[in-house]
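There is one chain below, alone, in structure tokens, taken in the form predicted alone.
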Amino acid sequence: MLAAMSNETTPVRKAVMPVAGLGTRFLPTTRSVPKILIPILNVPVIEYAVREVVNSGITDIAIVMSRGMEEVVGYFGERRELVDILEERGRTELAAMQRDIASLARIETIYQDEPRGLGHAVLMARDFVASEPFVVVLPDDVIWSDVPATRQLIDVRTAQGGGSVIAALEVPDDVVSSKGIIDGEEISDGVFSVSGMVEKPALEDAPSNLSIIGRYVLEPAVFDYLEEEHTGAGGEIQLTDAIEATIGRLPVHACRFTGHHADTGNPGGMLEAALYEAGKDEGLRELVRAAISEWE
């Protein structure tokens, strides 16, 4: 039986971040460093995700990981010796930055012992979520925007009176078959009423070129489907299947968010992210220009 929708006035204050995975595209680095701690310049990918949700009003975060990845949560712990050394050396600004990282949010660890898909990772966080609306963030998808992407989704949920909201972007035809694609009707600028979702369709079978990006605001009703452990594409428990199961009974919308997006789950996307960050700094821009000029 489908759980009731949480009241639209219920604040969204919890986030689930699945980070399990071998990170094979980043070997050999990921032999010893969790992929999510690989930095964009000097800031690891996971910090971008945490700061985004915190700036969107989230106070509690569950990081769903494999065993042996404790460094991910450890990154957000206190580093008193480091802070003391920095202060002794007069590096007060840098010391303050370390304190800030340790105070961003309440973070807890949840283990996913079997790699059974994104839906299964989210299911592991059911007790953490309880009966509240919640956010799922895939940290590989890094988004820079004036209004945090997660906040944009929460605002759509509020405007639509509750329900689930999926982040989306239009993608080129040549990548449609590698994405989750949304079927729906645009009801206002950038907001779609979702009627279905297809995982990795052939281009000719795709209902649109509107791709799911790794941000979701969800009703706890998705757990009713996930706990039945249906397998979907790739023989895994798919989160999109659980969301789709609520369509027609609960509102489901997609938000074509504004901002710059990079998929840092592959080396090319990580390079794109690093160049985007470098472009914000005049000195680094010059270094990039100089390097490019040598290639020409």
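Note that this is a predicted model, so its numbers are computed, not measured. Counting begins at 1, following the sequence as shown.
One more form of this protein exists, namely the form predicted in complex with a small molecule; it is left out here, but the text below deals with it.
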{"item": "Segment that reaches the small molecule in the predicted bound form - one of 193-201, 146-154, 72-80, 98-106, heavy atoms within 4.5 Å", "value": "193-201"}
{"item": "Whether Leu118, Leu138 and Ser211 all lie within 4.5 angstroms of the small molecule in the predicted bound form by heavy atom", "value": "yes"}
{"item": "Proximity of Gly180 to the small molecule in the predicted bound form, heavy atoms at 4.5 Å", "value": "yes"}
{"item": "Interface membership of Thr264, the small molecule in the predicted bound form, 4.5 Å heavy atom rule", "value": "no"}
{"item": "Interface membership of Tyr216, the small molecule in the predicted bound form, 4.5 Å heavy atom rule", "value": "yes"}
{"item": "Heavy atom of Ser56 within 4.5 Å of the small molecule in the predicted bound form", "value": "no"}
